[in-house]
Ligand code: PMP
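Only one chain is given next, in structure tokens, and it is the form predicted on its own.
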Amino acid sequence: MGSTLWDSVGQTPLLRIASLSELTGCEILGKAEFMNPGGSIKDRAAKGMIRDAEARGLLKKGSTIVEGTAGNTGIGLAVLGIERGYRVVVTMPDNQATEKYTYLEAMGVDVRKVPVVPFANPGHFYHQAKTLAEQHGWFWANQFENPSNGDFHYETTGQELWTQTGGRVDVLTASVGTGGTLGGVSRALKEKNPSVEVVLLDPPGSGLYCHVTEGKVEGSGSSITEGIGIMRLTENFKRARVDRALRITDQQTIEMLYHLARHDGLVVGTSAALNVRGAWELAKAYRGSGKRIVTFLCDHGSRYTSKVFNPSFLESKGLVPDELPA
């Protein structure tokens, strides 16, 4: 008897990134979340939120789920929600990779593109989803503030990592979108071993680096990364146990994205490339120590071909796919 898409979320492989591990004398490991059924780590958040809503009687067959998303959570909600008999509506900023809109529309999702505006503006995709839920009586997943997002990562992703590493994780490093992944996994690993070092990675334009280093949410500029970097403290992120933070530039991200494709056969998205770049920077600092550094390969690069594998796009952003510096 076959299994369901629902059952296939999680238990993703933990891949050793050979080229970088051998360069640094550390073990750099990436959890292959692009192997989830919807193609990203956000399938876990989607499953956690749907499961919780069903348990509380907020979702029944024929219900509508609405969410504000950069794309991947919407895809996860659609893949799992459609299988379970739900309709899905998403509000998305209008500057995301074309592939995400196409993927969602192919599944019959009602995609509402909105202009990119600051979070305080009621036209922001987050507020638009909330308004639609209130107007129509739909279930608003609310991935940023819904604790079932981070709780699912605590229950699954964190426990899987502990088992896959035989209980030996020296460093956990990751960027933040909603805070669900880092919030859940950092709690799970710190409970097992309080000495696990947790390092937040932040792109330009996000305020969490300053929050960790200076105690204030402040940032400037913008980034080509999608779905990560925020200017507020979400309920999911508030539960993260973070020791320190690193800022990773777009140029550093692009260098790593192309390195992984050319040297390791890993074609990943921008958040994954940023995560691995952060892991590599940490490994260089710990060179030769044999430390085990774990991060997340959030989604596949095929979701961004119109951007990061498009020379014209890279040129317009002043980005060059150079080799990693020695």
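Keep in mind that what you see is a predicted model, and the values were worked out from it rather than measured. Don't overthink the numbering: it's just position in the shown sequence, from 1.
We do not show the form predicted together with the named molecule, though everything after this point is about it.
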ask   = Since the chain is shown here on its own, which stretch among 59-67, 22-30, 296-304, 46-54 would lie within 4.5 Å of the named molecule in the predicted complex, judged by heavy atoms?
value = 296-304
query = Hey, with the named molecule in the predicted complex, do N72, G180 and G227 all fall inside the 4.5 Å heavy atom range?
reply = yes
query = Among A129, V176, M256, V169, which has any heavy atom within 4.5 Å of the named molecule in the predicted complex?
reply = V176
task = Between 243-273 and the named molecule in the predicted complex, list the residues on our side with a heavy atom within 4.5 Å.
result = S271
